[in-house]
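Starting off, we have a lone chain in the form predicted on its own, written out as structure tokens.
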């Protein structure tokens, strides 16, 4: 794993007193810094570089998130009624990632190609508490891994030292920290009281070496997972994106065997490779020697390019078969798939987002639906 070290830090004067800011500056005491108001001026010059995304990540901006701090996953608010969502809630604590996963959708955000940490932690926790106070559900899953890796900078920022104790003291929600890193040092000194799930995104080792650049190896991620499970954290895995390599059946069989032989899991998600049309162009430009996006893809109603449905269903059915051989009761779900694919693969589609959410948090069995509202893509 490559650890992040910026060339320069920009600090928004509005967050000078934040403990997150202090942690960052203490960690990078020898890095040049500049206190500013507004966006860093250098953003206006990045277009001059051959790879603005790569260049922008050399700079860290510590600022305040002025937007909505806690929000629903985009799929849950989508007008595409055929897409099954797990009712996920997002806490925006950071933006961008210094890892270089070829398929990462964050590459599309060329208007802000830099590392951003939102340091207004008190505002974040207040917003989470407001959501919990107004919610009748006790099945809420709140994650920080949508716009950034949840833990890749944690030993620098110390976010987990605020989030884990906060969630440990309530029972309405689980905190999910999703990562491809091994930055777990802060976690091992806290008691999550069963309220934090550490979730690693995984693929077969050779795939990670080809496509998950700068990240921890799969062996390293699994060792970190073992340490976290021993320390009292719940563990989950996301096999996403599933990539159709020539030996994918054998490769994923080996991975599934390793996971279920070693861990007691809260859930496992499966998601086939997908990307927006704009991202395809970016991948081709940034990684011209990669064969990642060659294959049989089709445009789907959510605006993404995906493997054709028969390929996706074969991959899901194959991995689900491997998992069922383990005779496990671990919840398995398909990420961002249509209810038709759910029915063809799983034999049912959850009737509501809330039903799937209850299933994943262990409070219910999946609610099956016989109504076919799917689409043929």
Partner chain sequence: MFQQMVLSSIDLKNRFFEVNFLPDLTVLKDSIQRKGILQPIIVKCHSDPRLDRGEESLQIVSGFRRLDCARALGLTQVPALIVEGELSDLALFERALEENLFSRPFNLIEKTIVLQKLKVQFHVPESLLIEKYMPIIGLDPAATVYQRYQELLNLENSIQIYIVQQNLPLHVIESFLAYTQKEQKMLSSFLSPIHFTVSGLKEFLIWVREVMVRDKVELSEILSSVHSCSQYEEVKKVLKLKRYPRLSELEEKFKVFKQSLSLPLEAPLFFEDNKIQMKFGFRNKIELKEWAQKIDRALDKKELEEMLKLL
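This one's a predicted model, so the numbers in the text were calculated from it and none came from an experiment. Residue numbers count along the first chain shown, from 1.
Note that the form predicted in complex with its partner chain isn't included here; everything after this is about it.
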item	value
Proximity to its partner chain in the predicted complex (heavy atom, within 4.5 Å), stretch among 141-149, 217-225, 282-290, 201-209	282-290
Partner contact for residue 309 in the predicted complex: its partner chain, 4.5 angstroms, heavy atom	yes
Proximity of residue 49 to its partner chain in the predicted complex, heavy atoms at 4.5 Å	yes
Contact test in the predicted complex: residue 300 vs its partner chain, heavy atoms, 4.5 Å	yes
Proximity of residue 296 to its partner chain in the predicted complex, heavy atoms at 4.5 Å	yes
In the predicted complex, the residue from 335, 340, 323, 70 that sits within 4.5 Å of its partner chain by heavy atoms	340
